[in-house]
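Okay, here we've got a single chain as C-alpha cells, the form predicted alone, with questions on binding and movement later.
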Amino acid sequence: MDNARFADQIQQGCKALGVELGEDVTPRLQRLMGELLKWNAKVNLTAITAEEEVLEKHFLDSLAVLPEVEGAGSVLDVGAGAGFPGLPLKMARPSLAVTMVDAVGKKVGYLKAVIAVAGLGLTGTKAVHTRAEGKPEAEGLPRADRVIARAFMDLPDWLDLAPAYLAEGGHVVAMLGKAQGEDELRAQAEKRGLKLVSARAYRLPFSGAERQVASFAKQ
C-alpha cells in the first residue's frame, strides 16, 4: 500500500468513526505497520497480514475508542498482544502514559523493540511481561485512569479482573464484538459493584464489522 492510499484510508476511516488525528500521526502509523509485518514474519503476532485489514482491524479498531480515553492521563492495555489498542492510542494522544502487559514473552519483546524505534513517538510507553491476575503491585503494574482490553477475555471475567488496576475515578473499558444490550451490561456491572458509564455500538468503516465499546466505573 503506497503512502497516499494509506493516508486516504486512515483519513476516511477516522472521519467515519468520528475521531481526529494530528497530521503527523498517519505516517507514524504506516511505519508501525511496516514494523509489525516485518516482525510477524518471525514471531507470531497477528493472523491478520493483509495491509488493508491491518489498517482497519488493528489501527482503526484501536483508534475507534479514542472517545473513551479522552481526558485520561494513563492507560493500561491488558493482554496487549501486538500492541492494540495501546500503540495507536499513544500515537494519537502523545500525552497518554501507556503501559501494555502480555503474558507472552515474544510479544512483549516486539513491543519493547518497537517502542525504541526512533520517530514513532512512543517514548515513555512501557511493555511488561507478566500475567495480569489482579495484583498490580506484585506484578509491577500501575493503576491507570483507563484499563482497557480488546478480545482478551469474556466480559464477566474482564469485569472481575480489571477494577484491581483502576486509579481513583478511573474507568474499565471493554472492547467488544457484537453489541450487548445495556440492561445486560448494567446487570453484569452491578454484580461486581460497578456501574455502566457508557455503551456505544458502531461498525468498522470498510468491512462493516460490528463493534461495541463499554465503559464501567466503581460505584
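These numbers come from a predicted model, not from an experiment. The first residue of the sequence shown is number 1, and the count goes up from there.
Not on display, but discussed next: the form predicted together with a small molecule.
So which of A151, A50, A187, V43 reaches within 4.5 angstroms of the small molecule in the predicted complex, heavy atom to heavy atom?
-> Checking each option against the small molecule in the predicted complex, the one that comes within 4.5 Å is A151.
Of I115, V104, A72, A97, which one comes within 4.5 Å of the small molecule in the predicted complex, counting heavy atoms only?
-> In short, V104.
In the predicted complex, T123 touching the small molecule (heavy atom, 4.5 Å) = Answer no; every heavy atom of T123 is more than 4.5 Å from the small molecule in the predicted complex.
Please run the contact check for P142 against the small molecule in the predicted complex: heavy atoms, 4.5 angstroms, yes or no?
-> Outside the cut-off, so no.
Would P136 show up as a contact with the small molecule in the predicted complex if we use heavy atoms at 4.5 Å?
-> Flag for P136 set to no.
Contact test in the predicted complex: A127 vs the small molecule, heavy atoms, 4.5 Å = Residue-level check for A127: no, no contact with the small molecule.
Any chance W158, R203 and R211 all have a heavy atom within 4.5 Å of the small molecule in the predicted complex?
-> No: no residue has a heavy atom within 4.5 Å of the partner.
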